[in-house]
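Here you get one chain, nothing else, as structure tokens; it is the form predicted on its own.
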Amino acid sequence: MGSKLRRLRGERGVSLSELSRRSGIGKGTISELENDRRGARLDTLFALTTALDAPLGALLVDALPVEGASVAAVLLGRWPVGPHLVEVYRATLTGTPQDSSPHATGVEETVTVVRGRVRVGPSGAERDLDAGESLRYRGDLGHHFRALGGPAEVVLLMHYPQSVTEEGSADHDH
């Protein structure tokens, strides 16, 4: 992941200090990530990719899980679909709430519940979903994830607009 972050930062022409300022992540932490001296949580990776105007998958390796406060997700693949890049994740949610910061402008998310019951959606407008139900919402607003009544499994689609993917950050060979 470190080499991907370093390459992406270089492609965007963003200094370590500027990335720290944009993302709110300390320069020391970014340096350790770029040199593979530490792993990153899901919220850290989203902060970095949002600051670099890139999709989350630009930093991930397929089939390796990444975790947040209550979400463990695995990137299954990435495909261009019309004017968007769509990334597909399989995620497990726990009962601990996960509040996600807004992603880049125009990003949307679709959550489909595979097993269990979840509360998801924009902060303040969350919806409860059962197995087989889906919700698409704006990912460029703060949003919330939480399993209700035990762990839940979901499929998460991240829909990135062309403006986020056009400068070489999208790797469409999956």
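Every value quoted in this text rests on a predicted model; they were computed, and no experiment measured them. A residue's number is simply how far along the shown sequence it sits, counting from 1.
What follows is about the form predicted together with the DNA, which we do not show.
Ok, Arg115, Arg127, Arg37, Arg136: which has a heavy atom sitting within 4.5 Å of the DNA in the model of the complex?
It is Arg37 that has a heavy atom within 4.5 Å of the partner.
Listed residue (Ala51, Leu33, Val107, Leu56) with a non-hydrogen atom within 4.5 angstroms of the DNA in the model of the complex:
Selected option: Leu33.
Considering non-hydrogen atoms and a 4.5 Å limit, does the DNA approach Ile25 in the model of the complex?
So Ile25 counts as contacting the DNA.
Taking 4.5 angstroms as the cut-off for heavy atoms, does Arg6 touch the DNA in the model of the complex?
Heavy-atom contact with the DNA at 4.5 Å: present for Arg6.
Answer for Val155 alone: is it within 4.5 Å of the DNA in the model of the complex, judged on heavy atom distances?
Although the DNA is absent here, Val155 would stay clear of it in the model of the complex, with no heavy atoms inside 4.5 Å.
Even though the partner isn't displayed, in the model of the complex is Thr29 close enough to the DNA, meaning a heavy atom within 4.5 Å?
Yes, Thr29 is a contact residue.
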